[in-house]
Structures are given as structure tokens and as C-alpha cells.
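Okay, so here's just one chain, in C-alpha cells, the form predicted alone.
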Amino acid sequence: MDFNLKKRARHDVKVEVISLEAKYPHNVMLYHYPPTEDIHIDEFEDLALERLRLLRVFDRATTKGLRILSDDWKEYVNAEMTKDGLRGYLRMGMASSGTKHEADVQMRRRDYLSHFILRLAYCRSEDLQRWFVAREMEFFKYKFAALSTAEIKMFLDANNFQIHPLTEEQKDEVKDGLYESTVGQSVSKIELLEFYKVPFTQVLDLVRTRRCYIKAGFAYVNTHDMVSIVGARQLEEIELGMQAAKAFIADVEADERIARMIKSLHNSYTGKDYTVCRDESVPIESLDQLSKTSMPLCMRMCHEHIRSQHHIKHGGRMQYGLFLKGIGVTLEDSIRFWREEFTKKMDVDKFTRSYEYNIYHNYGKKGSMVNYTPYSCLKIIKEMAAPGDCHGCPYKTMDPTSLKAKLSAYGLSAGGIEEVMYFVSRNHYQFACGKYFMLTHNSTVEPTINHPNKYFEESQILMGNRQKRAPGPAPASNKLRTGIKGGANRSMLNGDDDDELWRIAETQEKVYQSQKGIAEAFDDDLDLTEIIE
């Protein structure tokens, strides 16, 4: 018997390694195939928040009424991208220099991945889908408008568009129509342009605005207007992709870390972190003056309420107390401020038992030891203020007559009030706040207001009391405790800054009710931490 082992034939498995440049060859891609690479959950969050900041830039441009791809629109978008630290996306909308950089290839990757991540967050309702698709199409057109004629040809070939530029003979046949229909170009420039012949149904927007020549059911489109043709394909790709994402979103949300983020992403705050003011200290003796000069309407009204009523409900204490912390009021000064006001209506022991813990908790000195983040405009606008409350966004909660009277009392002219009310009537509350800033500071530049502390900071910088500083990374203590990191804190994504405080209050309320009786439990002073006695 032959016991010699026979060698089996070896079949080497070759793993094809595709370079990033091969995966993402162009700045403008149709987002057709979902990405297959694995990414860390930290990067998943980073990409989502960065993409959200980008889309909000285009949203603000739309809200301002700027015509897409106009010079004013491009100037505004470029400036906002620069200000928001989105220089990588800014480069994608600029004409190519012809030199390849590794950073540009990495940016294409971030662009591609982040688009698909946000599909997961925005596929869950019709309103979210509508907002997302509109903003994505604006970004697509922004990038496409920067392509050269040669790059447009490459794009059409790479994406199998079965259209080709007219030959000189074909162009001569319809040149009179091209001269008449091409607006804003001289005859000499029109002769240098390339034109494409497509069914008119593919460019209905150009037909509607009379920006193309039509003959025998075909439209003749120049290079600059090709975005209408390719945009239709991109729109179809995104809409089909959103349907596909909606079909398997339940599987994605099985991971609680991802589910919490994508569910709250649209309402998350993506601006500068105002948790702690490290460079400035604001004495409480200056708050009366600062409320008139540098506080937004929401905080000024809270401050005046406290001064006149010597009390404020829990929602107002959270909103205004965290704002004070963010502008530079120390823990010791904050306790002194609240104590001095509240003890005009109650004794010191009552204040210590019922309210002092809340202040320590907000500064991260009690309970979970988390240094909580001041409320952003998005969170304040969402607040449902009840009668007798002074928190929330006044532009949203106040009726027009009362709001006009308040603005007049604060010194705005009749014309200025109408400018603010123009945005209020259209539910653009943050733009109304920006207009109020301009009018009260005699500023020629309207700031983008997305946080009350940003309003205060911009005011102080304009008045020469603070220096403008580059935003730094968020402190580690504010990272998500679910394990997701990368620049977003709890309040940015979850909006539940005071969950623990509410749980404490519920426990204390049960004790209080057993001792004091149900009737007393509905007293105004019994909401949240003031129920302790």
C-alpha cells in the first residue's frame, strides 16, 4: 500500500484591493451604489454631523431667498462653508486646478459615505425626505456647476449618459435658434459653447423658463445647463435610495447607539460648544446691563421675569441658568444670583432645600457629574411653554401683537419691527433673531444665530469686549455616553440634558406628596426640584 500523501492543487484566492481614487474618481458622483467599507462608529457620527452642517448651509441660503447658482447664492454658500469649517466641501465646489491631492480623494470619500448615512436619518418621514432631497440636490448642482467642459464629458461617459455634443454640421442647422434662446451670451461665445440634443421632457425646467431651443420635440441644451439633465438622474437615484433605506431602517435601528443618533439628528445642534466659558468671567452685577445690550430676546425676557417676579419655573431656570453658565457666570455667582432673587419670596432654608441642588447639577457638581450644555436655538424653539412660563422662543410663542409691543418697548422702530415680523410670519425664528441683532447693534452684517450664547458672544465681540476665537474641540466630558464620540455632546443628539434631574424630582415628589397631600402637589413651586421641602 502506498501511504504517501498526495498534494492537493493549490488555488490562491486573490483579493482585489481597490484604491480610494478608483472608488471615488470624481467630485461629482451619482450616489448609485451604497458603500461597502466598514467604518468605526466614531467616524459614523462625525460624518453625519459634518454632512448636517453642510446641508444646513444650503437651507439657510434657500431661506434667504437667494436664487440657486446665482453669484449672490454662491458667495453666501462659500462664506458659510468657510465659517462652519467645511473647507473640504468648499473645494469640491471650486474649479479643478488639475493637480491631484490625497486630501481631495479623502474628501470625496467623506462626501459619499456621509450622504448614505444621512439617508438613514431622513428616510423616516415625508417631511424629512423632502428637506433632505432638496438640500442634496442643491449641493449636487453646486458641485456640478464647477466642472469644466472636459470634466462634464468625462462625467457623462462615466455614468452612461447616452448623449453627445452636436457636431459642427448639426450645430449650423439650428444656429439661429441657439442664438435666440441662449440668454446672456454673445454670438461669439455661443459659437464656442457645446450643445446637446435631448428629448424636451428631460429638461422641463429649462422649457418652463425658456432657456433652451426646442425643435421637433427635442431641446438643445448648452454645457452650462447640463445640470438640468444630470440633476434629473441624480434626483431619481436619491429618491429610489430613500425608499430602499426605509425598507431596512428597522434592522439598522436594532443597534441602539445608531438608532438614538439618527432619530434625533435633524434637530441636533451642530455649532460651537458653549458648555464652559474658559476665557471670560461675567459678574452677576453686570447682568442687568448685559440683558439690554447683549442678550437675545429669549434670555432677556427670562432675566426680566426673574427680576420682577423673583421666581421662575423649572423650564426657565434650566434655559436661563445654563445660558449664564455658558457666558461665564461662575457656580458661586450663580448660586448667589438665584438665592438673592428667590429669597425675596421665601426663606433661605427653602431655597437651599428646593433649588440649590439644581444649580450644582447644571454645573456638573452633583448627580451624574455631567457639565450640561446650554440650550441651542433648536431646542428652545421646540420647547412647549405653558401659560405663565417665560422660557421658549418669544418669536414662536408670543402672539404678533404682544411681540410687536415688546420689540417697540425695546427700542425698535416701526420699520425695524416689520423687518423682524417678516421672518416671524414665515416661521423663520432664527432669522428674525438675526435681524433683531442687526437692528439693535447697528450692524451691517446679519449673523447666523443658532445658539443664544453665540448671540451673546457675537454681541460682545462687536462691542469690543471679547476677542473672536477659533472654535475648539468639544470637551471629553461632553461626549456621548453611549460610546459614540467625535464632537457631539449629549444635548446635541439627545436633547435630554436633565433626565437625571427629572428622575430625582419624581422620587422626591412621591415623598413630598405622601407628607403634604395631593392638593399641595399641584402648586407652582412643586415642579421638579422645588418639590423638596
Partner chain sequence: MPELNTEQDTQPQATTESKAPAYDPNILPDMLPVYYRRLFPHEPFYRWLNYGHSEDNIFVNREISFTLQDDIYIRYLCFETQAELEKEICTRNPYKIDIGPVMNIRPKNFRTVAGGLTPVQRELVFDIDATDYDDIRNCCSGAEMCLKCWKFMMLAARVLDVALREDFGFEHMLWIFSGRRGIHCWVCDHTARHLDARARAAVAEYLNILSYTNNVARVQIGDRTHHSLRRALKIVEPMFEEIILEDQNLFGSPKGVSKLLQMVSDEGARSDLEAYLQKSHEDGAHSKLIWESFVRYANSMRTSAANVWSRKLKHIVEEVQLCLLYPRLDINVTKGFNHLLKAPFCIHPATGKVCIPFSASAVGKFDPTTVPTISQLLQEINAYDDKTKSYMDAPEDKSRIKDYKKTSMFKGVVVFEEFLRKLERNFKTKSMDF
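Positions refer to the first chain, counted from 1. All values derive from a computational prediction rather than experimental measurement.
Keep in mind that the form predicted together with its partner chain is missing from the display, and what follows is about it.
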Q: Give a yes or no on whether each residue among S181, L204 and L235 has a heavy atom within 4.5 Å of its partner chain in the predicted complex.
A: yes
Q: Spot the stretch among 449 to 457, 302 to 310, 209 to 217, 430 to 438 with residues whose non-hydrogen atoms come within 4.5 Å of its partner chain in the predicted complex.
A: 209 to 217
Q. According to a 4.5 angstroms non-hydrogen atom cut-off, is L193 in contact with its partner chain in the predicted complex?
A. no
Q | Close approach of E256 to its partner chain in the predicted complex, 4.5 Å, heavy atom | A | no
Q. Might V187 be said to contact its partner chain in the predicted complex, defining contact as any heavy atom within 4.5 Å?
A. yes
(Q) Using a 4.5 angstroms cut-off on non-hydrogen atoms, would D172 count as touching its partner chain in the predicted complex? (A) no
Q: May I ask you to choose, among Y363, F337, F200, F132, the residue with a heavy atom within 4.5 Å of its partner chain in the predicted complex?
A: F200
Q: Check each of D157, E239, E332, E75 and return the one that places a heavy atom within 4.5 angstroms of its partner chain in the predicted complex.
A: E239
Q. So the C-alpha spacing of L235 and G184 changes by 3 Å or more in the predicted complex; is that change toward closer or farther than shown?
A. closer
Q: Answer with closer or farther for the CA-CA spacing of T444 and N78 in the predicted complex compared to the shown form; it moves by 3 Å or more.
A: farther
